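Take a look at this single chain, the form predicted on its own, given in C-alpha cells.
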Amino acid sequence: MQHSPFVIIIFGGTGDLAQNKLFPALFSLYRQKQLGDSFYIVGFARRPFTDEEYRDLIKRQLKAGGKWEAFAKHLYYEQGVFDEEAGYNSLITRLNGFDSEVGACITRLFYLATPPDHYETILGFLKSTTLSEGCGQGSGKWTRMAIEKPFGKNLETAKSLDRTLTDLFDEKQIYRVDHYLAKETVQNMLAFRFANGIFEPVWNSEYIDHVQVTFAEKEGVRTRGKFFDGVGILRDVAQNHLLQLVATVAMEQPMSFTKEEVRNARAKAIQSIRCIEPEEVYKSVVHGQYLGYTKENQVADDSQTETFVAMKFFVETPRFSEVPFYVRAGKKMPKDEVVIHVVFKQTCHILFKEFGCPEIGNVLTIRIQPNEGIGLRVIAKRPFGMAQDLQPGSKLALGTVDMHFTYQDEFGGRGADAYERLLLDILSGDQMLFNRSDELESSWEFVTKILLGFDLDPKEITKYEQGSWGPADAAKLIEQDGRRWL
C-alpha cells in the first residue's frame, strides 16, 4: 500500500502508549512497506531530547533490528510543554520544513497519546496557533485527529470534549480510538454472524438464553496508578471496550458493509442498552477493589476506586428482548482473558430428560485474547463404556464437546496488530473501526447513571483476593438467576 506524504505528530511521544503500542506498530508497518517512502514521525513531549537521542530511546524500547536505521531517519523530536505555546510554535517551524522538503502541504495526523486531562489543553493550542489548519491553501481538510480513550470522565465531560473537537475538525477528520474494535476476532463477528446463514435465524431471544462478556487481567495497575486511581475500571474498560463488545453481539445487520452503515448499526445497539437507574444500581452492579491496591505506587491510601465491576443489563431491541447480558471486568484476576459467551437455551431435556442433560448446552465462544478464535460447544452422546455417570441399565449418556478454531492454527497467524490496522485506516481515511460521537454519548449516559448511583449511596468498596474472580457478590449476581459464570 502506497501513501501520499504524511506526518504523524505524537503528543506524549515518550509515554507508555507511544513506546509500547504506536512505535512498534509503525515500525512493523514500515518493515511491511505499508507506509510509503515519504513520511515523518514527530514525538512531542517535555523531556529535553535531540532527534538522535529520541531515536536511541525508541530503538532501545523496540529492541529494533533489521531496517531500523532506515526507519529512524523518519523520526524527529520536538520538546514542548503541553500548556505553553513555545513548543507549538517550534512545531510549526518543523512542520513547515517538512512541507518545503516535499514541496507541498502534506497530510498531518495529530495523535493524542497523553493522559486525558491534557486533551482540552492541546486542542486549545492547536486552535490558537492554527496548527489544526494545516499549512494553508485549504490543506486543513487533510488534517486528522486521533484521540485515545477514555473520552471524558462522564457524560458532561464527554460532551464538552466533543464540542471542542468538532469546533476544530469535521467529523470525517476525527478518529476516536478504541483498539478493541480493530481486533481480528471482533471484526470477524460481522462476517461470522451475517455471512453464515445457520446463525442468523437463531440469533434472538427465542433461542439465546443469555450473553456473558469477561475482560480479565492478571496484572494490577502497574505503572498506571496515577492515571487509574480516580478513574476506575468502569470508565477505563467498561464504558468503551465492554460496551463495544456487547454491540458486536447485539447490533442488527448493517444496510451495507460501509463505514457509516456499520457505525449506524453499532450506535443503535449501544443506544438500545437499557440504562440502570441510579437508585437501582446496587441490584444490578457489583464493584470491588483488589487487596493491596492502595499500596500501589501513586494510589491514594484511602482510595475507593474500583478495580472490578460486574453488571447485568438488557438490550431493548425486538431481537434481544429480555435476554440478560452479564459483563465483568477486573484486574488481578486468575488469568488474562477477553471472551464473549453466547449461551443458548437448553433444549435437550425435551427428548433426553430420562438420560440426563448437561447443565449448560450449546455455547458459542468468541475469544478476543489470548489465542484469538471462535468455539462452539455442542451436546453429544458419550461412547459406551467411557461414560462414568450411566444409570444402572442405561445405555445412553450425554456430554459436551468443544469445537474451535484459532487464527494462529487456521491462517498461520493472528492478522495485523490492532494498532497497525488502526493506523493504516487513519492514513487511508477509513473510520469504520472508530467511535462516532453518538456511540460515545450513549455509552457515557449508561455509565454515568451507574456512577451517580454509587454517589447517591456511597458504600465502603468490597475488597477481593488477588487471583480470584472478584467479590463473592459478582457470582451471586448471575447465580440468583439460576446461571453461572463460564
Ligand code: BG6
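In case it trips you up, residue 1 is the first one in the sequence shown, and so on. Because the structure is predicted, anything quoted here is derived from the model rather than measured.
Below, we refer to the form predicted in complex with the ligand, which is not included among the displayed structures.
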Looking at the ligand in the predicted bound form, is some heavy atom of each of 9, 144 and 169 within 4.5 Å of it? no
Tell me the stretch among 371-379, 274-282, 95-103, 212-220 that has any heavy atom within 4.5 angstroms of the ligand in the predicted bound form. 212-220
In the predicted bound form, residue 236 touching the ligand (heavy atom, 4.5 Å): yes
Would you check, heavy atoms only and a 4.5 Å threshold, whether residue 180 touches the ligand in the predicted bound form? yes
How about residue 332 - does it come within 4.5 Å of the ligand in the predicted bound form, if we only consider non-hydrogen atoms? no
Non-hydrogen atom contact residue 241 with the ligand in the predicted bound form at 4.5 angstroms: yes
Partner-free chain; cross-checking the ligand in the predicted bound form, the single residue of 153, 341, 263, 224 with a heavy atom within 4.5 Å is 224
Between 149, 312, 319, 268, only one gets a heavy atom within 4.5 angstroms of the ligand in the predicted bound form; which residue is that? 149
